[in-house]
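This document starts with one chain, in the form predicted on its own, laid out as structure tokens.
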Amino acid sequence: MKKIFVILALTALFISTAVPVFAADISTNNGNAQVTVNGTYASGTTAAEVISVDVAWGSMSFTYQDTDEGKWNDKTHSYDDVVDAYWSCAADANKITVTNHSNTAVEATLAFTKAEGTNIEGSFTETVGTANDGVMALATAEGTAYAEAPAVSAYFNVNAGSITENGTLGTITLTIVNK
């Protein structure tokens, strides 16, 4: 008798704890069931602009070769093999390369400031474009492979001036801004 009572009590307990299930709003039309499908929009975020560039500098070491008067020619009363003063540097020692790894286009601006007490003049020659104004435009790196990131180079040239001893000629300032 106890077993029957326990079984009846457990059955009553299970029936009283039944969980109701609610169906979606379903309508029927000629034997076809239809349900409304709803969507919720969640806006995404806009990625922040990231400016990331690599700058590769040549050694920026230059040699000033002063005038070589040559050799006195006593027959012509003039100098032979005269060489005017000039500036030189090793291959690519004057090269500046900017590589853009940003998700935005950037502009790299170069400026030269001569050292105090010198008469040095310098300029830049860009490898792309024709302005040679020290301004290099770089496209965004978005959608490019790392090794194929947009890159532009310029060369610094000493155009005028002279030195009589080793020392600092000046400084180059590189400024990066998004375009």
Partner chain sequence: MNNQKKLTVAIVLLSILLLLVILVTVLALFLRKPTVLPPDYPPQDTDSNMQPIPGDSGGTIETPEGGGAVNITYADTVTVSLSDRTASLYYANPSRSNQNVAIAVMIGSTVILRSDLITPGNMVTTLPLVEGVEEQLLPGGYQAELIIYCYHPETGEKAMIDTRGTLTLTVVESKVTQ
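Residue numbers count along the first chain shown, from 1. The model shown is predicted, which means the values in this text are computed figures rather than measured ones.
Keep in mind that the form predicted together with its partner chain is missing from the display, and what follows is about it.
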Q. Taking 64, 69 and 160 as a possible spot, do all three reach its partner chain in the predicted bound form with a heavy atom inside 4.5 Å?
A. no
Q) Out of 148, 116, 54, 142, which one falls within 4.5 Å of its partner chain in the predicted bound form, going by heavy atoms? A) 54
Q. Heavy atom to heavy atom, is residue 164 within 4.5 Å of its partner chain in the predicted bound form?
A. no
Q: Evaluate residue 59 for contact with its partner chain in the predicted bound form, applying a 4.5 angstroms cut-off between non-hydrogen atoms, and reply yes or no.
A: yes
Q: State yes or no: in the predicted bound form, is some non-hydrogen atom of residue 89 no more than 4.5 angstroms from a non-hydrogen atom of its partner chain?
A: no
Q: Find out whether any non-hydrogen atom of residue 50 is located within 4.5 angstroms of its partner chain in the predicted bound form, and reply yes or no.
A: yes
Q.
For the stretch 140 to 176, I need every residue with any heavy atom inside 4.5 Å of its partner chain in the predicted bound form, listed N to C.
A. 146, 156, 170, 171, 172, 173, 174, 175, 176
